[in-house]
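Shown below, as structure tokens, is a lone chain in the form predicted on its own; questions about how it binds or moves come after it.
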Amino acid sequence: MATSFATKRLSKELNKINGQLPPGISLVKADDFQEWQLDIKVLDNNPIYLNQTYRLMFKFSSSYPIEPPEVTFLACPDRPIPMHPHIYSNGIICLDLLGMQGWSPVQNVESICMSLQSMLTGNTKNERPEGDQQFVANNRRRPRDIDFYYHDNTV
């Protein structure tokens, strides 16, 4: 359950999100202050992501925004998991911004969505991370509990 500080912060974010979001980002569901869903689109003509919309799941702990939210891509009938060298086929995202070492409380849901849009926009590799199948088959940890090694920021 979110604490009053987390609830207050998320309430402010939700009010802003309901007002207006940047192009290519839309709120799908925010019934409480624990789990939200948003859709994102890549706005340029990157052929890997052309005409695709992707669903993001945000899970907030009671320590938000001191701790980052858990953010993953969700597979839905019309919302695939995007192909990217930092996105596993189960939707887990390897991005320093989403880990404690890269997170800052000044970040928010909107800025995370924009960072993910940018990450997809700049990608030229239509591939999954190395070891994707083994990771997906064997991983039992939540994304926030995984210690990723950030070795390739060129994609």
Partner chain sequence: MASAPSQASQRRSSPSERPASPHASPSIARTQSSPDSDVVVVGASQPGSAAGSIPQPKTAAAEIRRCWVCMGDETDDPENNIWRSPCPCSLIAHESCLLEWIADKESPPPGQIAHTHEIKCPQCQTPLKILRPRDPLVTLTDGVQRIARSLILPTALCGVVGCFYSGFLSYGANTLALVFGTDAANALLAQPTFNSIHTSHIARWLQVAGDHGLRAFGQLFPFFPRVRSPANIPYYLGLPLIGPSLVLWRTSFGDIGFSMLIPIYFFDSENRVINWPPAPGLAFATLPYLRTAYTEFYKYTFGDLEKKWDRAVMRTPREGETAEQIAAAQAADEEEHAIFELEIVREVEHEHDPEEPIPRAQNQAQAEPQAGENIAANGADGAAPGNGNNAQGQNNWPNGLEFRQDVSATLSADTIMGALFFPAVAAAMGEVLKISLPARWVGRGVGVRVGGRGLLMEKWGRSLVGGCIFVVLKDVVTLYCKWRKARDFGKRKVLDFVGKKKGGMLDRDRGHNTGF
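Numbering follows the first chain given and starts at 1. In this text the structure is predicted, and so the values were computed from the model without any measurement.
Unshown form predicted in complex with its partner chain; subsequent notes refer to it.
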Counting only non-hydrogen atoms and a 4.5 angstroms cut-off, does residue 107 reach its partner chain in the model of the complex?
yes
Would residue 91 sit within 4.5 Å of its partner chain in the model of the complex, counting heavy atoms only?
no
4.5 angstroms heavy atom contact with its partner chain in the model of the complex for residue 52
no
How about residue 80: is it within 4.5 Å of its partner chain in the model of the complex, going by heavy atoms?
no
Contact test, all of 24, 47 and 76, partner its partner chain in the model of the complex, heavy atom 4.5 Å
no
Sequence-ordered residues of 107-132 touching its partner chain in the model of the complex, heavy atom within 4.5 Å
107, 108, 111, 114, 115, 118, 119, 127, 129, 130
